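Okay, here we've got a single chain as structure tokens, the form predicted alone, with questions on binding and movement later.
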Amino acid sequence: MASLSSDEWRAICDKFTNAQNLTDVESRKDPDNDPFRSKYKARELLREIYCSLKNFEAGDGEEDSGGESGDQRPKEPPVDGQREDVFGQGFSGDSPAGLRAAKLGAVEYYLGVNHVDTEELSAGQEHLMNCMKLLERCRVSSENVSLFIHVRNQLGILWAGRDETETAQGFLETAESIYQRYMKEDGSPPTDMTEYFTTEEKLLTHQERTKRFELAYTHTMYYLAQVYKNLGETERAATYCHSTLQRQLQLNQFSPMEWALNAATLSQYYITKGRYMEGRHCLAAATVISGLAGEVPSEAAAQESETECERREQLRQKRAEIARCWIKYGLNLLQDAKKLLEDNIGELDSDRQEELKRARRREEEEEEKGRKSALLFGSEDTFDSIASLEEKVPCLLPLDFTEARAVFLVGQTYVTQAKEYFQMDGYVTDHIEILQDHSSMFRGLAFFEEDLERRCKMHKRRVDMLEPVCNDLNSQYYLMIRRQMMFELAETYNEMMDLKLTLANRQADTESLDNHTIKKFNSLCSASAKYFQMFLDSLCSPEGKSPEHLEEEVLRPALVARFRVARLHSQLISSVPTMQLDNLNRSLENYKYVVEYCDAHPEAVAAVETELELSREMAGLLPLKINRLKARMAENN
């Protein structure tokens, strides 16, 4: 067999170094009209290396199985077409045949990645499968384990990009199991693929080998997180995402803002599952790590350079997005607490509150243990900063006003931050969603407030926040958002009206309400009816005709709005009989609409069972009341 002289080997190593440099460095400078110029040059060098290896190392009776084409898709995706025992059969990794297969396999791997990068996916897949075939003849060992994992990572990405998620899953899960078994059975820092073409004096240190190998496995976990997410296995996806983020910190291989956004996004999964401790940990880590990206450049610096201007904009935007995740954290904490503590009429159940407070005292010691066993983020540099930020934010469901206020104030701080970036001018939908979340936080806090006057003031803050924006919005472009806001304003005025009536009834019966109270009550009642009616009008045709059939997404809101308008008109207080009659007639008309619509569309009944039952009752009672009023009016004439 022909063997390579040291000069010939050095020439191959130089070509490989040049190919790597063209791929990683020079390609970034390629012009827009020839974006793959450096990648194509690198490909030529890789092909030359492949030919040299084949020429010099052919003729020893070992056939190599590279270069086959055809359908390269594995026949059994769950095991990715690989023999199950990749550790026990075939050439030893450090034998001449094993090393030759690994070197040829590595060139096939780099050619595969090169074709994928230049958007030639089928050719890329063929080279990657050739690499797999060469490796099939070898046992997994420290000489080739890195290549075993890298090629599966690449095939996993390739198939995921084609929406063949289960095929991708097969490659990636095999990569994961190879890593785990290698670490259990050997665990020594393995050869990096670049070292196949490196002269003796340039070999990597053990530390660098370990870091690169661990990074390859971190990529496996990252891609598996995406795969599980696409398969709807959200819990598994979250676990892999959490581990990926943790490993990136440990290996110090991450971009601070990208890492922080991923951690903040993961927090939203934990929040929806009621796992606020983990959610808070992710957000605290996101805030601390985003700080590593440095200060937002000043506007003066940003004006001097386009790059600084872009960087300033990106940092501001991403930090505002993290602030929005904190807002959702506070809001969900308040809403979950409300659901847990409210009775059947939506008020705070004090017995349940006491029971939960007793249970919490028992659980506090357990919580401390659980906290320590949670998967924590951080390195020595950041751990203390993350922990001290966490200490300032509650993670237990608030059980009284003081606790709820602490959660509210955290959320409100981040509302201010988020609004600084997402301003009305340029970010209409984002700005309004932040306002709506702020309003919902006030609503959550009001639930815990025992003083009804103060509770009413909180709802007034919601109105002051939403009303001007709702009235200024262009109904043509922002119809859906306006509808949401009209409905929320109508409900908020309704809550204020109920609170005012409760307060008045505590002081005197309705018959002897003073004029000021009646005026205030009627004003809130009319405002609520006005916004419910605006919502209903927004569903009408340009000629003002109500729809014969309500679409599913507006069915319940539309019928509830009708029911509320009916109820509000019957509650208006007036000493003028003609006005009383007008209000009662409008009330009856709306109750009848709910009944008649549900009779004509039986599928709507399930959406408004309670409202329908009361509407039927009132549609029967109101005509009697109207007739009595008419009779009294006739007597007085």
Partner chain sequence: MAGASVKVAVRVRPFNSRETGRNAKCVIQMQGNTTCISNPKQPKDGAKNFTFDYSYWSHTTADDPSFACQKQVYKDIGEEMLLHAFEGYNVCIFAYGQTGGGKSYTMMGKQEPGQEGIIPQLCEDFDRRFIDRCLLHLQSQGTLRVREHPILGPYVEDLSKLAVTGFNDIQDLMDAGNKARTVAATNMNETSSRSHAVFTIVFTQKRRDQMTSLDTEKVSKISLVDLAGSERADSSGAKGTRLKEGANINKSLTTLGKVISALAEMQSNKKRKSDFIPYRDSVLTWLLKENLGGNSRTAMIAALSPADINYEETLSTLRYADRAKQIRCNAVINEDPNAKLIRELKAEVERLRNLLFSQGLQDSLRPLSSEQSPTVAAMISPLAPVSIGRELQPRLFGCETEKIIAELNETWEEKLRKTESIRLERESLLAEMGVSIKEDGGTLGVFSPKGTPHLVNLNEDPLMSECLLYYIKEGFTRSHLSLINHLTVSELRAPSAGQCDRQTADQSDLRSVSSERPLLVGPQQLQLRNNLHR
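Residue numbers count along the first chain shown, from 1. Predicted, not measured: the structure shown is a model, and the values here were computed from it.
Here the subject shifts to the form predicted in complex with its partner chain, a form of this protein not shown in this document.
Within 4.5 angstroms, counting heavy atoms, which one of the listed stretches 286-294, 233-241, 399-407, 176-184 is next to its partner chain in the model of the complex?
Careful reading of the contacts points to 233-241.
Going by heavy atom distances of 4.5 angstroms or less, which of 533, 141, 439, 226 would be at the interface with its partner chain in the model of the complex?
None of the other options qualify; the answer is 226.
Name the single residue among 505, 416, 350, 476 that comes within 4.5 Å of its partner chain in the model of the complex, judging by heavy atoms.
The residue in contact is 476.
Would residue 195 count as a contact of its partner chain in the model of the complex, using a 4.5 angstroms cut-off between non-hydrogen atoms?
Result no; residue 195 lies far from its partner chain in the model of the complex.
Is residue 383 close enough to its partner chain in the model of the complex to count, meaning some heavy atom within 4.5 Å?
Residue 383: no, not in contact with its partner chain in the model of the complex.
Going by a heavy atom distance of 4.5 Å, is residue 190 a contact of its partner chain in the model of the complex?
No.
Within a 4.5 Å heavy atom cut-off, is residue 126 in contact with its partner chain in the model of the complex?
Residue-level check for residue 126: no, no contact with its partner chain.
Where, within 543-565, is there a heavy atom within 4.5 Å of its partner chain in the model of the complex? Residue list please.
543, 547, 551, 553, 556, 557, 560, 563, 564 sit within 4.5 Å of the partner.
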